[in-house]
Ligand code: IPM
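Just the one chain here, laid out as structure tokens, in the form predicted alone.
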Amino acid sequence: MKTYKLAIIPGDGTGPEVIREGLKVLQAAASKFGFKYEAHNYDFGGERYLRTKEVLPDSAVPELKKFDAIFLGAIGHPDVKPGILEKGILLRLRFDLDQYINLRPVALYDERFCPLKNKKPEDIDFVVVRENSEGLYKGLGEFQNKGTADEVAIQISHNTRRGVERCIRYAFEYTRQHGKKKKLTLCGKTNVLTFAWDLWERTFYEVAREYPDVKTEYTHVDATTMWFVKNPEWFDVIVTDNMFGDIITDLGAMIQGGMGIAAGGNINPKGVSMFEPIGGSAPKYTGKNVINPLAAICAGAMLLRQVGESKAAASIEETVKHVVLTKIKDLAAGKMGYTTTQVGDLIAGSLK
């Protein structure tokens, strides 16, 4: 029986609550599909930082590289200045573990929860492949004459051919294997950002020659947000840079029903990957047992698919879809008609 080593980072706020339910469902899937997992907990987050003034110990990255996958709850604490935990934990892990792909499925399970008029599940079912280690999030730049009337703030979008090409190549492979329409859209801003997006566009069409079975198209990022709202059915797989990917995936979460159902993966195809609900720590709901755990449960399904347990992953996803369609009143915290614990029980108890 295969045993997987999982690093668990419950994190802040409601993170521990949704991770608890995610692990409950993983255990049910393990029993049903014949595998095991060992969970090793790490207390990285706001409480640890407030107690020790240490964001992430030097031992963390070498230790985490030994695991099959990382399951993350949420990072963000109201008593810690914004940016400290996000940069010190989330960005550092993504960069140091070379998780250069952020994978975000956008799927509507029930039209009741879609804010768009007359859009059905078949209209909203696409995936965003976001470059996860370069661009504006690289942290390069400087101040000049800081604090004066002549102050200049420079933020650099750092894009390398290697980084861009490996992201684009991953997107083509993903489209070939999983795309429903076998269509890959490059989302950028070639008419204004003429250095970075010249590199992205040239690389995109050069790599495309190796994938004649994949249809390609280009759209500006501002047009992409417009079409997400007006014609989301046009999209299959989208590839874009770090900043644009961060923005359009939040819009994607809204049209699929909200943060309560939105899961994501930080992928290193040849190393350890990290999976999480994308909704944040939601501190105002902490300890109330009302937060929606479905995004974390779906992140657990993504984790299983990444390590090779595709049947178990599909089972979780189909069960979530069924429960959303037949049981859940609303995807928002406190409005589901069930507690956090009860939603986890519903999924774990009725795996397809």
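Just so you know, these numbers come straight off a predicted model, no measurement behind them. Residue indices: 1-based, along the sequence shown.
The same protein also exists as the form predicted together with the named molecule; that form is not shown, yet it is the one meant from here on.
Peer 1: Hey, with the named molecule in the predicted complex, do E86, R130 and Y137 all fall inside the 4.5 Å heavy atom range?
Peer 2: Yes, because E86, R130 and Y137 each have a heavy atom that approaches the named molecule to within 4.5 Å in the predicted complex.
Peer 1: Just to be sure I understand the contacts: of M254, L91, V229, L199, which is the one whose heavy atoms reach within 4.5 angstroms of the named molecule in the predicted complex?
Peer 2: Only one option qualifies, and that one is L91.
Peer 1: Identify which of H77, K189, R166, R104 has a heavy atom within 4.5 Å of the named molecule in the predicted complex; exactly one of them does.
Peer 2: The residue from H77, K189, R166, R104 that makes the contact is R104.
Peer 1: Within 4.5 Å, heavy atoms only, one stretch in 91-99, 169-177, 230-238, 191-199 touches the named molecule in the predicted complex. Which?
Peer 2: Going through the listed ranges, the match is 91-99.
Peer 1: Does the 4.5 Å heavy atom contact test between D125 and the named molecule in the predicted complex come out positive?
Peer 2: No, D125 sits far enough from the named molecule in the predicted complex that none of its heavy atoms falls within 4.5 Å.
Peer 1: Hey, which residues along 237-265 are within 4.5 angstroms of the named molecule in the predicted complex, non-hydrogen atoms only?
Peer 2: Contacts from 237-265: just D246.
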